[in-house]
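Read the single chain below, which is given as C-alpha cells and is the form predicted alone.
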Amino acid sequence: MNGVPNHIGIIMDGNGRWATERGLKRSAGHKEGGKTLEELALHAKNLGVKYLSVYAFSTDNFKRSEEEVNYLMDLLIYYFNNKLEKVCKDNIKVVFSGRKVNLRNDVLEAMESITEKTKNNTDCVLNICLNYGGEEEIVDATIKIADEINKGIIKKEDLNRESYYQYLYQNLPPLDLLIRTGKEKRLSNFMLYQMYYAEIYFSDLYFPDFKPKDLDDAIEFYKNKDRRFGGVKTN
C-alpha cells in the first residue's frame, strides 16, 4: 500500500468533445475545463499532493484552427490574471514547462506575472505544461547539456539519470501517477522522461466531468499498486 502520490500528472483531454456532444462550441468545453482544473488543484493540495503537472497546450495544438488557438490563449490569460488571488491564498506555486517560441507576448507577460507573484508559495507546485512536448523537452535538455560540456562546465561522466532532471524545463520529482481523461489511451508526448515508473490511470470521463471524487478514485487506484521499480518483492 502506498500513500498519496507526491507528483501527479494530468492529460486534460476531452474538453472539445464535451462541448460538441452538448451542441456547444469547443471553446465552451475549454472554459469548463478551466473550472475543473481549479477544483482539482485545490483538492490535490488539500490531500497532500506536492506537485501537480497538467497538460494545458501541446506544441502540436498549434495545428488547430486559429480561432481555437486564440481562444485558448485568451482563456489562459484570463485565468492567470484573474485567479491569481485564489492561487496565492491557497499557497500554490505556479511554474511553467514548455517552449516560449510561438506564444503571444501577452501570454508570456501573464505567465511571468503569476510566476513572480507565487514564487514564495510552499504548499504545492502547479506545473502548467504550455506549448509543451515531451520529446521537445528531452531535445532541449540535451542541447543544454551539450552546450555545458562544450564550455567545460560539466563532463559527460557527470551526467546520470538523476542529474538529467536539472536540464528539463522544471527540476521536479518524477511522476508517481499519470491520469488521462477523455477515453483515449495514449501518452500524447507528455512528460516522457519523468513518467518512467508512473502508474497510469485512464478515465472515460471528459476532463470537464472529472471532479475531485474522480481524483480520489485515481489516487485509490495508485495506493493499491505494488510498486517495485524493477525489483522483486521478498516478503
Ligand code: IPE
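The numbering used is simple: start at 1 and walk along the sequence shown. Note that the coordinates shown come from a computational prediction; the quantities given were computed from them, not determined experimentally.
Form predicted in complex with this ligand: not shown, discussed below.
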Notebook entry, point to check: What stretch, of 63-71, 44-52, 194-202, 169-177, brings heavy atoms to within 4.5 Å of this ligand in the model of the complex?
Noted result: 63-71
Notebook entry, point to check: in the model of the complex, does K35 have a heavy atom within 4.5 Å of this ligand?
Noted result: no
Check: Applying a 4.5 Å heavy atom distance criterion, does K31 contact this ligand in the model of the complex?
Finding: no
Next item on the list: Check whether L215 has any heavy atom within 4.5 Å of a heavy atom of this ligand in the model of the complex, and answer yes or no.
Entry: no
Next item on the list: May I ask you to check whether F57 falls inside a 4.5 Å heavy atom distance of this ligand in the model of the complex?
Entry: yes
Checklist line | Heavy atom within 4.5 Å of this ligand in the model of the complex - qualifying residues of 6-43 | finding: I11, M12, D13, G14, N15, G16, R17, R26, H30
